[in-house]
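Encoded as structure tokens, the following chain is the form predicted alone, with no partner shown.
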């Protein structure tokens, strides 16, 4: 995967399969400390210690349709290639947290990519889930929360084309705004 947003989408799809109904995605960019961090937390059914110890092995999967599970192992490899790390923690019946840290200016750090598209895909999932997306850029913060958007929409579905486009543009412009604000 050549964009981090695709890794995020893959990890979040695992959260949905684990029956999470709330997924929190936090991206922290600290230019001064040269850190690009992605945290994904869910309230799904969690993993046992045994499963947690095996999950980054590409030949381990809980799926029955294929024999390999590359998502977590590829995400971990992407972080390590950018002089970073990837840590998973999980508690059965509580949820799972994945934290990947990258060197922000590392040549091998993939770009974030179209995170707005990944979030839209998650929102349009057949199962209703809540997404809390937070993007921190040095001292600036952008937050997108489906629970707040639902209040404003007042019954208009997320599947409405205008809503899909609004979400996409809001996230894209929100990230751009905090990056520009910080550079002033």
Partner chain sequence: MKSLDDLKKIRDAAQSKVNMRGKNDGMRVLVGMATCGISAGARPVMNTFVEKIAENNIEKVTVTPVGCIGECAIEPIVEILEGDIRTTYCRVDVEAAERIVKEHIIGGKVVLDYVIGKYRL
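Everything numeric here is computed off the predicted structure, so don't read it as measured data. Positions refer to the first chain, counted from 1.
Omitted here: the form predicted together with the partner chain. The next part is about that form.
Visitor: Are 74, 121 and 177 jointly within 4.5 Å of the partner chain in the predicted bound form, each by at least one heavy atom?
Guide: All of them do, each having a heavy atom within 4.5 Å of the partner.
Visitor: So in the predicted bound form, does any heavy atom of residue 18 sit within 4.5 Å of the partner chain?
Guide: Residue 18 lies outside the contact set for the partner chain.
Visitor: Taking heavy atoms only, is residue 24 within 4.5 angstroms of the partner chain in the predicted bound form?
Guide: No, residue 24 stays farther than 4.5 Å from the partner chain in the predicted bound form.
Visitor: Give a yes/no on whether residue 132 approaches the partner chain to within 4.5 Å in the predicted bound form, heavy atoms considered.
Guide: No.
Visitor: Taking heavy atoms only, is residue 48 within 4.5 angstroms of the partner chain in the predicted bound form?
Guide: So residue 48 does not count as contacting the partner chain.
Visitor: Tell me which of 111 to 119, 24 to 32, 132 to 140, 39 to 47 has residues with heavy atoms within 4.5 angstroms of the partner chain in the predicted bound form?
Guide: Going by heavy atoms within 4.5 Å, the stretch is 111 to 119.
Visitor: Is any part of 1 to 34 within 4.5 angstroms of the partner chain in the predicted bound form by a non-hydrogen atom, and which residues would that be?
Guide: Contacting residues: 1, 3, 5, 6, 9, 10, 13.
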